[in-house]
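Shown here is one chain on its own, the form predicted on its own, set out as structure tokens.
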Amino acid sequence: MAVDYLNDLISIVGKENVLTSEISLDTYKYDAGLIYGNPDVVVFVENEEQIASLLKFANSRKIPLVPRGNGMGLSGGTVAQLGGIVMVMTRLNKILEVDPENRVAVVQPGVTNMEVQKAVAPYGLVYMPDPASQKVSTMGGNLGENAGGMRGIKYGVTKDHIIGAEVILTNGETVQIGGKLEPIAQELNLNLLLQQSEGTLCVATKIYLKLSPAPKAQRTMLSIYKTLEDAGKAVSAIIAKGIIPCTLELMDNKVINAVEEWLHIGLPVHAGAVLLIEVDGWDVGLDRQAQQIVDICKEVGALEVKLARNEKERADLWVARRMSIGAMGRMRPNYDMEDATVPRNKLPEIFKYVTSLSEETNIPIGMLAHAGDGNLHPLVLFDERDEDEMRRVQYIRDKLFRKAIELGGTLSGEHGVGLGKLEFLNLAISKEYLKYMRAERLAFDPNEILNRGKTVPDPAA
């Protein structure tokens, strides 16, 4: 499709930053999920002035515009399904300040989560949200999707650690929301509204991160189970005893075998599932806390609980978890990693249900989970060239989301709604609530140029 506004874009960002070739558009028409879009043009921005001018121009012409980082989203959130402009933010990649006295970092949206972690570590600080994709996922995306991660059970997710942002509205105006102080009494807390907005309200150009003191010590263990359901029961049992580990991660037999085949680090390939559990804090008392967890796991059926004896063993366990998605990706041409979340005590039931779906459809499903949060990451393996397999994959998704809602859960723990879950949103949210969500969107973006057609059904009535 010919774009009749190329000269306008070139005048804003320069000819070298405007891409229209077929290969360029193909490169930016998808994210890490299953949905493909059809952008008309890809534009790289380098500063706030270009972003403001581009937003103002697109708004005046009512051209759809999709902000994008490294494209690691899993719900179609950066897919330009209505054409228009894909605005790539990765060149805004500076850490502007690390303020150890106030425990705050100020970053641009193109900075990756891992870059933040490395920048604050020399000060004895840590940014707690740690998605598995932290090497490549950007802070702008983490903000928009309210990313979680391994430490979410104890320390919370993105919304608990972002205290402000400088944003640009679609009319080109810049607004400061929060800052180095967490929202104070006289402010309406718009900061929370931005999180999980999935790029539909405004564009963040500076993000204020709350930092925490790095834990002084850790104890890491691998609890091994005969069945996936037994592992699910152990999760509830640990929390019910009043113990809050900093991580409580689950991998099932398919994931264990995929990782071990690739990395050869000694995982128990005959186990039905394992829990990777870590406690942290001051060294004093951690051994006692770890032993309590070992005792609880054995009470509810653990075959064995292995404590990492040194830093190498601990690092191997975390490499296994962080590389698990890549390991599963070696098994079939495609995978769909979903993100339904259920109450912790419903984990055994949802695990059993997912297993039955896999057997019913003859589609392999590996199970990962931020189990302490009830956040499931089933990895559905398939070949998108097989139309019949694709129909079965869609059947699995439909059944999974409906079951999660039935069990008192929700559609997403951290991957967002985007396009991938839009059709299911009315199962989880009332019509009245959806109307309020739409009103909020229109208050920020009355022409709906930003990520049009995503996150909030149109019309929400």
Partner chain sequence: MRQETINALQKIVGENNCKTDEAIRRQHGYSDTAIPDVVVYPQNSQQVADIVKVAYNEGIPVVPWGAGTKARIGLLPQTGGIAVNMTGMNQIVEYDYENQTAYVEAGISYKALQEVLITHNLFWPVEPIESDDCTVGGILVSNAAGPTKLGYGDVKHHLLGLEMVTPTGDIINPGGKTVKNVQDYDNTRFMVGSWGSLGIITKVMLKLKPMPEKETTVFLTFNDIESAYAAVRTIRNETTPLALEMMDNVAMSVMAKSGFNSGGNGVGVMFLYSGFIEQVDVMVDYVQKKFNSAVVLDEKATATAWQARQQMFPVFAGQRGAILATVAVPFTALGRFMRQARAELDKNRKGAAMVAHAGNGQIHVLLDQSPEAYAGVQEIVNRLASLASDVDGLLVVNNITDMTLTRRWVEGRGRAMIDLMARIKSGVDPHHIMAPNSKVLSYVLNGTKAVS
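Residue numbers count along the first chain shown, from 1. As the structure is a computational prediction, the values presented were derived from the model and not from experiment.
Omitted from view is the form predicted together with its partner chain, to which the following refers.
Among 138, 200, 220, 108, which has at least one heavy atom within 4.5 Å of its partner chain in the predicted complex? None of the others qualify; the residue that does is 200.
Heavy atom within 4.5 Å of its partner chain in the predicted complex: which of 45, 34, 417, 65 fits that? Just give me the one. Answer to the contact question: 417.
Select, from the options 82 to 90, 168 to 176, 380 to 388, 358 to 366, the stretch whose residues sit within 4.5 angstroms of its partner chain in the predicted complex by heavy atom distance. Single hit among the candidates: 168 to 176.
Decide if the three candidate residues 103, 181 and 436 all line its partner chain in the predicted complex, where lining means a heavy atom within 4.5 Å. Yes, because 103, 181 and 436 each have a heavy atom that approaches its partner chain to within 4.5 Å in the predicted complex.
Flag residue 329 as yes or no: does it have a non-hydrogen atom within 4.5 angstroms of any non-hydrogen atom of its partner chain in the predicted complex? Heavy-atom contact with its partner chain at 4.5 Å: absent for residue 329.
Using a 4.5 Å heavy atom cut-off, state whether residue 345 contacts its partner chain in the predicted complex. Residue 345 belongs to the contact set for its partner chain.
4.5 angstroms heavy atom contact with its partner chain in the predicted complex for residue 254: Flag for residue 254 set to no.
Is residue 190 close enough to its partner chain in the predicted complex to count, meaning some heavy atom within 4.5 Å? Judged by the heavy-atom cut-off of 4.5 Å, residue 190 is in contact with its partner chain in the predicted complex.
Within 355 to 388, which residues come within 4.5 Å of its partner chain in the predicted complex, counting heavy atoms only? Sequence-ordered list: 370, 373, 375.
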